[in-house]
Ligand SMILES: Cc1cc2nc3c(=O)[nH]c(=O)nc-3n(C[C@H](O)[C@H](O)[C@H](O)COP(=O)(O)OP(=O)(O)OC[C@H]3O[C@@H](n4cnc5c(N)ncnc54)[C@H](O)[C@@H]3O)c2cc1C
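Before any questions on how it binds or moves, here is one chain, the form predicted alone, in structure tokens.
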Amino acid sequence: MIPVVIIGGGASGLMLASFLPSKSAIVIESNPKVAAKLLVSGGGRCNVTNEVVSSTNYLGDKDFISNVISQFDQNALLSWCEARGLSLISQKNHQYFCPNSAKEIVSILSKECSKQTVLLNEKVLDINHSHDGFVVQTNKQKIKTMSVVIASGGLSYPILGVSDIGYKLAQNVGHGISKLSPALVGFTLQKEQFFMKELSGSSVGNVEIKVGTKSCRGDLLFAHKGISGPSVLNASLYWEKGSISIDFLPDFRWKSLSGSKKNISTLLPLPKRVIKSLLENLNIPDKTFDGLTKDERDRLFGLQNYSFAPAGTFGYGKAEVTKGGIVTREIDPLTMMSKFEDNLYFIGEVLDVTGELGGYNLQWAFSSAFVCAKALRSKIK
């Protein structure tokens, strides 16, 4: 009997396997290769973690998240990579990337997991109890094990062969699943904002988007489907329904326009194509600031509080992660074990923990894997 079966060969599953003793685990991956999603993350360079990581960067139970991350934080992860010859590079917004490509960290994880058995193109169908553990039923065989770890990820990037098996297995033993939805994804638009689609290919270097009490800063990209970019992706994490507010000119001071004889479109720090379209949408003539009526100025000031309700999102096909998941109050943060079922563990994206853009979701995957491994090692003889 194998001590541990890990369902999922993504970031969390592979990291867990690397932490466990040799020949103590079987990793079951439904895809023809491991870490398919990891290979395309961060534009192919994989944003592994961030210089600053705390529970405020996540949607979910803050205490639960803090308890897990504190056991294997970003500094521990950086040291782990460094010890294996991978020096991550800090770039924009304190994000750590692989120097050349995501293949570098996938290669390390694959090498670390070579001490375990990895089954590819094999799908888990069910888990049943045996007298001394579990029987994992796949489409090819039955595997007896003492412990099962569900690291099956979420529903984003369906083209990469994702599965909802983790949620189903959790529900089978009584776990609650909070609402699932695409996150870190672009917004589609209502008819009133269709003019933004005509700006496809344009971008604004720095905007601030407010969703409720949360503010998200970063680039905004105009796309055929709607709007995207880092600011939008982060805003999607906190958006359910209703309005968002975009400040196209954060920190801009309007008094700098007073007295100038140049037209507004020339003076505002936005791409000419974008500002002209926004002015037209707000019915503001492109003339000098001093030449505007009070009503026109009030509409112009609306560029710092442009409110509208997105129609929806680009969906799971474009989403980087899945929001929602297995309810964390039913999981022990010191072991990642189910509070309902002994020796059944959950790690990574399958849980109701979702990070912002910037390496936070991979940090969560690796941190939760470490905590789980620590608990499992104490049981493996």
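Position 1 is the first residue in the sequence shown; the rest follow in order. Being a predicted model, the structure only gives us computed values, none of them experimental.
As for the form predicted together with the named molecule, it is not shown, yet the points below apply to it.
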query: Listed residue that, although the named molecule is not shown, lies within 4.5 Å of it in the predicted bound form (heavy atoms), from Asn93, Ser110, Thr117, Ser163; finding: Ser163
query: One residue of Tyr157, Phe289, Tyr167, Phe134 in contact with the named molecule, assessed in the predicted bound form (non-hydrogen atom, 4.5 angstroms); finding: Tyr157
query: Region of this chain that lies against the named molecule in the predicted bound form, out of 222 to 230, 292 to 300, 306 to 314, 147 to 155 [heavy atom, 4.5 Å]; finding: 147 to 155
query: Proximity of Gly42 to the named molecule in the predicted bound form, heavy atoms at 4.5 Å; finding: yes
query: Residue contact check: Asn31 to the named molecule in the predicted bound form, 4.5 Å heavy atom; finding: yes
query: The named molecule contact in the predicted bound form: Asp352, any heavy atom under 4.5 Å; finding: no
query: Contact test in the predicted bound form: Glu320 vs the named molecule, heavy atoms, 4.5 Å; finding: yes
query: Whether Gly60, Val68 and Gly324 all lie within 4.5 angstroms of the named molecule in the predicted bound form by heavy atom; finding: no
query: Residues of stretch 1 to 36 in contact with the named molecule in the predicted bound form (4.5 Å, non-hydrogen atom); finding: Ile7, Gly8, Gly9, Gly10, Ala11, Ser12, Gly13, Ile28, Glu29, Ser30, Asn31
